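Shown next as structure tokens: one chain only, the form predicted on its own.
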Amino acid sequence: MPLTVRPRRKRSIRIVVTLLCGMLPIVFGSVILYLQAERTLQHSTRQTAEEALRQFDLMLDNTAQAARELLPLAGKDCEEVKLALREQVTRRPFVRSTNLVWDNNLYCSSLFGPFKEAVNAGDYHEGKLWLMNGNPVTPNTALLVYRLSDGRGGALTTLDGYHLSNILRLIGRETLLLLQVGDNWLSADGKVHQGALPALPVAQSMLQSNRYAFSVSAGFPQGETWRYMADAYPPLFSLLIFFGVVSGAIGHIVQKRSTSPSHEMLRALEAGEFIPYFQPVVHGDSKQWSGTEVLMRWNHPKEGLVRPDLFIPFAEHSGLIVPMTRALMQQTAALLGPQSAGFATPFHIGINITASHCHDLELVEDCREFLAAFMPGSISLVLELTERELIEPTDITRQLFEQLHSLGVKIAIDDFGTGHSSLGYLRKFNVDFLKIDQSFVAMIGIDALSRHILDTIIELSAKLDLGIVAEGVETQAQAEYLTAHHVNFMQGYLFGKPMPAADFINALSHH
């Protein structure tokens, strides 16, 4: 086929474009997987922090309950209450020792009985909790002390750091989990550190207890996102590589073909290979020839005559349809201009235009030159709007159609009823004709729904005072039906196939 010529693009550029096409799915896919991994890790640390917070709250519930039961005993003789202190240690899980305070002096302990040690309320975060790195009995072993006071009396209950670090290890098995109380924080190795809590680089989640004065922080070390992706996403990475290979192959094929049609059509345009074919348009009542639709054909030197559906879409996409239409109008004017003296009534000449023709006002000058080639008043130029592309109602398009109408050029909507913009065109542009698509005409006498749509279009054109042309008329029954419904003009194989200029001019003399 004529549109399969190889492009003349440098090999190095094709290789670069192919690599880019192959890399794009891999890069974009990797970014998406990275974001998904971050969300997954964030969700994991959030769940870990919530579970650790719940466990620590349960532990402190025990120590707080023990302190509440012992607080009324503060101030009593230690010998009288030491059994009660030891009873709380044995009854309450996680409670390591209990103590009574009077006038900021610890005077009774479940471990030693009578005891004397000053208590500094400032050591306790918010006056309630103190995370300390051991005491004289168990140095370098973390303790969490809960303080409850009422007036001169108070109760202290301690929670063994082993239980705290155990929670950090078990719950935070795959994460970094830290417990913070004031300026002190506890790590999973059971050591208490002082100062600011270290930042956790990946997916850090920090939760504050709403019942006690502590917080929990969970996160992952640097690079955990990539490690997680390497462990969890190998099949997806394989799929991304597959898509990258496919995308690169498609890019390689597309770029080899993408410039071929426009390059070949530009050559054909310069060589004058696009020629006009003419299909007669007849009056609906008399069936006499009243005009023609000018159709473009490609007379390829090797392939012969090429159908328009094989090259028109490429021409529209590449923007070559505008100079191709201009060349078609110039050839038509040269062929039919000398015949215009014999036209009894204005001879309708229909030429297709697309959205590409409406980007500027050059079409006005093309039409002016076209009309100048004919005897004044001998023809009626009809521009048929095709609906493969949407024509936007901009200031340029409004000015374009106004100037065309001032020249006497008429506007028709081609294939009305099948495109997405026909009704919009009726509202936005000053239209003169509707052309009924041949798919509706072909269903006359066969499909009731299509016939109803056809009748509706005919009725609509009558109400809007528009001329109407039926395309694709192939049978006498279709012609009689359209005549009975007062269709103005018809065209189709029943009246004549598209033909070269010489055949059309010869046949025109007999009609």
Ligand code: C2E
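As the structure is a computational prediction, the values presented were derived from the model and not from experiment. One rule holds for the numbers: they count along the sequence shown, beginning at 1.
The form predicted in complex with the named molecule is left out here; the points below concern that form.
- In the predicted bound form, the named molecule sits within 4.5 Å of a heavy atom of E474.
- The named molecule is not shown here, but in the predicted bound form it comes within 4.5 Å of a heavy atom of N352.
- Residue contact with the named molecule in the predicted bound form: L159 places no heavy atom within 4.5 Å of it.
- Taking the partner from the other structure, the named molecule in the predicted bound form has a heavy atom within 4.5 Å of a heavy atom of E384.
- With the named molecule omitted here, the record of contacts in the predicted bound form names 302-310 of 359-367, 302-310, 144-152, 117-125, defined by a heavy atom within 4.5 Å.
- Contact check for L41, E51 and Y233: none of the three has a heavy atom within 4.5 Å of the named molecule in the predicted bound form.
- Contact with the named molecule in the predicted bound form, defined as a heavy atom within 4.5 Å, holds for exactly one of L295, I411, M229, C78, namely L295.
- Site annotation in the predicted bound form: the residue of L404, I391, L328, V431 reaching within 4.5 Å of the named molecule with a heavy atom is L328.
- Residues G492, Y493, P498 of 481-502 are found to place at least one heavy atom within 4.5 Å of the named molecule in the predicted bound form.
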